[in-house]
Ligand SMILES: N[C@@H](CCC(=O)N[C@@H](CS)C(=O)NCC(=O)O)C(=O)O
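First, one chain by itself: the form predicted on its own, in structure tokens.
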């Protein structure tokens, strides 16, 4: 059985959602953040030395990092679902979007969130961070022009990966100027598997309001 080690209000929610989309035999072990620091508890270090979430265990295998976990689950349990055929042009696009979600896309968001908690001495950084945020949001917005999903207009693991960007963007920006991204977020939220996970796990801060 696959075990998802889930930190509350975190990106590991996507992994539970993927398991549900695939109708896998899985269980969720939930961990609470420290009420003062919002950091993960030390118990997660017993699962992996970094003590981060998401992390899954599957028999003797322990897998960290959202993109690697999505790839692992789809390769081993997907039976061709939620990803294009290996070697196809769409598969190359899928790989780019899958990794972009936790590399280029997430970095300016994390910088914005972290620097917002620091003294005003970081103000000199804000124009550059804001510029990068706008660049990435515009890129995602244009990629969703006239389509519902990022790869071949078919729902895939890349959409699950990128859903977190669409969910945290409204914390920093209004999505009024990014209607395609807002509609993408709503499509994700309306999927049956997403709704099931939200109803049957701890409250998720970035889910539907």
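Note that the coordinates shown come from a computational prediction; the quantities given were computed from them, not determined experimentally. Residue numbers count along the first chain shown, from 1.
The same protein has a further form, the form predicted in complex with this ligand, not shown here; the description that follows concerns it.
Q: So which of 151, 40, 165, 144 reaches within 4.5 angstroms of this ligand in the predicted complex, heavy atom to heavy atom?
A: If I apply the 4.5 Å criterion carefully, the residue I get is 40.
Q: Would residue 10 count as a contact of this ligand in the predicted complex, using a 4.5 angstroms cut-off between non-hydrogen atoms?
A: Answer yes; at least one heavy atom of residue 10 falls within 4.5 Å of this ligand in the predicted complex.
Q: Applying a 4.5 Å heavy atom distance criterion, does residue 65 contact this ligand in the predicted complex?
A: Yes, residue 65 lies within 4.5 Å of this ligand in the predicted complex.
Q: Can you work out whether residue 71 and this ligand are in contact in the predicted complex, taking contact to mean some heavy atom pair no more than 4.5 Å apart?
A: No, residue 71 stays farther than 4.5 Å from this ligand in the predicted complex.
Q: Using heavy atoms and a 4.5 Å limit, would one call residue 33 a contact residue for this ligand in the predicted complex?
A: Residue 33 belongs to the contact set for this ligand.
Q: In the predicted complex, which of the stretches 151-159, 136-144, 173-181, 51-59 has residues with heavy atoms within 4.5 Å of this ligand?
A: Result for this chain: 51-59.
Q: Heavy atom within 4.5 Å of this ligand in the predicted complex: which residues of 84-111 qualify?
A: Contacts from 84-111: just 102.
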